[in-house]
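Before any questions on binding or motion, here is one chain by itself as structure tokens, the form predicted on its own.
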């Protein structure tokens, strides 16, 4: 299936890729392993400092040409790219499934996000609005306009190897920017296929090097990329540790960052909630993508009056979740991405037990017939009566749900906000006043960038700005006015009076 998909997309013959990998990883070569079988899938030749330099040069030269293209015309290029992804949605989804272990519906859903953001960007290409402001000086006019920024550096994580790039690339393209992409070394095949499709369409329409790809290790490529002044914006998705490093280096050169980092998301379930709805929403948000979404529900904060009933529903549901080969129909949970992720899963469970937590379901590796990959059991851990469970302060990229109880809504919101990250949050309630308190315009409710009522913490739509606060980084991607991150603002004043007029009534004669 993988070979067939790569052949359809024109990647099987790429000189950087070998589908008959031999040996082990080196500074020049990365071996891509299947999280499902543990076996090598391909080897990919890596970029180095010299090839990165050439890639940035090409991207910058292309930007100087691309920014002169009218925005609606740029939108037509993005429209054609979206159509190309529509045609190859199934093949791209197959690569995502093979490489990172997502079930087929989630993999194809991720490609659908790319198609959706392309559609969004096409409309945006005619809506890059500035403002007209009144001038205090007679015979003067003022306006504000938004201009292309430059080549954008995009660093993406393994868990959304196609969509996160597209959130940046499609919007940046209509804004007049080019994109230089460094993907995760855990998902280079998806990146090669995605970038190839976009670049192929753009070249066919006479626009070369709009989308450039560099695949390399942090020391050889990543550090140089984030330090390069020719990349005015670095958009980085990954861990909080990685984001702090990116922010530090880019800030030293007074560049811009758009950071989408860790999440430690909570769902509050009030005593008046629809427990059936809550259980179904929490199940997907907690175990979907095997807990490897930045928006995964990791903490459940449930009113003590309904805690036992809800937990009972969830334990029963967890017991029926089919774990297996993500390419097979009926599988709901595939593998973790690699052995290190399994070790982190086991470490978190051991720590929770030491801290007084009780494992209600799961808590161990899973055995899948015919698959020797990195499978684990989705796990629910109930906190002790004290509600103290320090391990829950950490984001473990695995399907572990920690359960806490509360008595008052104020306590629940405080618990929800009581972590360093601030990405996604949810509340389940039929009380309109409580829902509004959770979304308080004064800022006293959820402190996250995403706040949902009667739905889970994962599954954002591209129409809204995506991102979080605190250690999540503060960046915003995708919809709403996120396009402004990829442009520079210019305030323009025009004197048509024929004489000099100074602001603030100053006279200098």
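Positions refer to the first chain, counted from 1. All values reported here derive from a predicted model rather than from experimental measurement.
One more form of this protein should be noted, the form predicted together with a small molecule, which is absent from this view; the next part is about it.
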item: Residue among 55, 460, 46, 42 with a heavy atom within 4.5 Å of the small molecule in the predicted bound form; value: 460
item: Residue 160 within 4.5 Å of the small molecule in the predicted bound form, heavy atoms; value: yes
item: In the predicted bound form, residue 211 touching the small molecule (heavy atom, 4.5 Å); value: no
item: 4.5 Å heavy atom contact, residue 271 and the small molecule in the predicted bound form; value: no
item: Distance check, residue 483 to the small molecule in the predicted bound form, heavy atom within 4.5 Å; value: no
item: Stretch in contact in the predicted bound form with the small molecule, which is absent here, among 76 to 84, 130 to 138, 162 to 170, 341 to 349 (heavy atoms within 4.5 Å); value: 162 to 170
